[in-house]
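The chain below stands alone and is given as structure tokens, in the form predicted alone.
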Amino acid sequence: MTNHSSFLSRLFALSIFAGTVQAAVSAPTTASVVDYDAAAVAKYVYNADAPKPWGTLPTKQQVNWQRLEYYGFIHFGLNTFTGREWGYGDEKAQLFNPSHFDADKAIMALKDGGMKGMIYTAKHHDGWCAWPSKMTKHNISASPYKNGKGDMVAEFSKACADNGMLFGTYLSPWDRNHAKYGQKGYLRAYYGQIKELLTNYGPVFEIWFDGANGGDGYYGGKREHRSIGHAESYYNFERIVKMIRKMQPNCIVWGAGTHGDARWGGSEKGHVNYPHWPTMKSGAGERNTAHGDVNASRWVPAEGDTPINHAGWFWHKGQENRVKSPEALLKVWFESVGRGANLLVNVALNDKGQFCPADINSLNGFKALRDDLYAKDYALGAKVVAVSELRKDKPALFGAELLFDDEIESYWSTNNGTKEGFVEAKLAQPSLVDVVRIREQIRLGQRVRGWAFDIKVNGEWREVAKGESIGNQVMMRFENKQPITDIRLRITSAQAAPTISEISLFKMPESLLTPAISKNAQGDVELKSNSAASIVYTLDGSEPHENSPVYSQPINLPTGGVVKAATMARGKMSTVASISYGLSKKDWNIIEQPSTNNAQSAIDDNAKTFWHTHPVSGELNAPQSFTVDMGKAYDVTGFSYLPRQDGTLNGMTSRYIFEVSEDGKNYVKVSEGEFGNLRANPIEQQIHFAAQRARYFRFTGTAALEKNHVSASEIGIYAQ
């Protein structure tokens, strides 16, 4: 069994492999590669008396990648300077000119936050390349950054190497700028970009191929919609992966249709569904990406991904403080890493090339919670009291005491053909614990189909956790209010003799919970915390402190503003929560709307209701609009759009026109565009523009993701 922190420190210098096999445990290595704890692997896995490998197996590099657990994303490009999530492809390269970028500082911030590597978005869907690519003129050499001599990929890869971090890259297959996208001519450029990234910048531990492919774009000035049909056939991912294997045999391939090494976790909230099976059916693509398929032919474990900021993957001006709390990130940790997947957390750089302080504070708070969680493994050194059976072949080499020995490669196993079993153990001392972590020796295959964990309370066994998959690890919280000594693991179902690597017990960290900020039905702001401690807050954009006002009742903000709040107790303060609110909607009235007569649902401060143009009799095709009288004039500086939150894409507005008027007769179009990435991440979108005096506004949905109507859950207004 392995202590979490000591394991990560040993993994620190590990080289990562790529590739997938079904019947072989490892791929050829190079002289420069050092496998994790090779002697222990030889002793426990390749021992002649060890259980035979079963089913689909991971490569050595996939095992090492899964044990990495946690690393970062950095989204930073032209979108940073335009405020978009998905650039259209017509953005000017001259926009890119960060004034305070320091790659070493950025990488060290991620390292200090507990990450072991970083993946940089070298090219997003807008087609702009953050390195001087010879495959397109739409690259960093056309920007004023370092007088056209800049290379963000080089700076990031060097900073990673200099600071002991793994470097990875993201290269969108979709290119909304390239004139030949959707045609064979684009593939030459795309293959060339892959070669540039994987031959000019040193070791790459992971390369990301996103799943967004085809749609509206600039395409060299054509400004049209292009479809590529079947993505795997168009890009020829089989060929791409073979190219990568030759150039970077140490590189994990994320995505790439049915040829990659790792898959999407199923959402952009970071969590992966449980049970999590690291195998998928051949040709299944991403159809069952959230769970995987039991005992399937491809080993493709999941990776949960999420931005640390609620605003999206790229930095957006005015939304710097919409950060997820450390407690929210710890919940994501349990729902990704704790389910056997890896976790990729995005921290975006702003237009100066710096991280926002709120993001880094939350990142560091998240690390502190994890450090507290893993500070002590209470199961280390536990004594085995009873076991269902001993393996006949060298029982000491595969005995149950190895579950508590601080060695991740060792494991307990039953006899061949025995697919159930139990281990009962006594802890070194009574311990108040409420988290259990279990690992399989996945080098021999993922075998367990059912398990349960018991603790003895007042002389009686009580089941406190159970599940189906284990794999790389499963970690669950359970209710427990008193110190315990006796524990029991039961394997209730397996596809072959189980090989269990470790059982660990932890105590959930105690921390001051970050307050939750919300609006009630009357439009007033409420602050809540599960803690009995007080909540301090500010309304002027400054950070809360011990002398800030103490929350006692809902806060009325008729013209909106920034609310920052923190829990305070015994001289300690939680991470700060912050939300920017628009104008109060209390005096708003709908004055024009379609015949559906439900536009009020878009201004009722209730995310569960929504305006839509799909009456019982049929759909009202886009474009469709509604108009609002705000009751008085304001200097309007932007609006927010919250897509429908009921889990369906039908009628989810993807393109819009926004107009304002001072007199209700003459309207000015102040913004028109696209809401990007709603399909995977349907979060609130904020659009900002130059101040415009207005009492009235009109929102028009001009296109939708699915079906032939449009919708909006909430429209908000920001004003000076």
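If you're wondering where the values come from, they're calculated on a predicted model, not measured in any experiment. One-based numbering along the sequence shown.
Unshown form predicted together with beta-L-fucopyranose; subsequent notes refer to it.
> Would D305 count as touching beta-L-fucopyranose in the predicted complex under a 4.5 Å heavy atom rule?
D305: contacts beta-L-fucopyranose in the predicted complex.
> When the contact criterion is heavy atoms within 4.5 Å, does R449 count as touching beta-L-fucopyranose in the predicted complex?
The answer is no: R449 has no heavy atom within 4.5 Å of beta-L-fucopyranose.
> So, A212 and beta-L-fucopyranose: in the predicted complex, are they within 4.5 Å at any heavy atom pair?
The answer is yes: A212 has a heavy atom within 4.5 Å of beta-L-fucopyranose.
> Examine T59 and determine whether its closest non-hydrogen atom to beta-L-fucopyranose in the predicted complex is within 4.5 angstroms.
No, T59 sits far enough from beta-L-fucopyranose in the predicted complex that none of its heavy atoms falls within 4.5 Å.
> Within 4.5 Å, heavy atoms only, which of F610, F73, Y634, Y235 is in contact with beta-L-fucopyranose in the predicted complex?
Residue within 4.5 Å of the partner: F73.
> Considering non-hydrogen atoms and a 4.5 Å limit, which listed residue (E91, E268, E155, E424) is close to beta-L-fucopyranose in the predicted complex?
Flagged contact: E268.
> For the chain seen here without its partner, which of 350-358, 320-328, 203-211, 269-277 has a heavy atom within 4.5 Å of beta-L-fucopyranose in the predicted complex?
Of the options, only 203-211 has residues within 4.5 Å of the partner.
> Within 4.5 Å of beta-L-fucopyranose in the predicted complex, do W65, R263 and N342 each have at least one heavy atom?
No, none of W65, R263 and N342 comes within 4.5 Å of beta-L-fucopyranose in the predicted complex.
> Taking beta-L-fucopyranose in the predicted complex, which residues along 307-322 bring a heavy atom to within 4.5 Å of it?
Contacts from 307-322: just W313.
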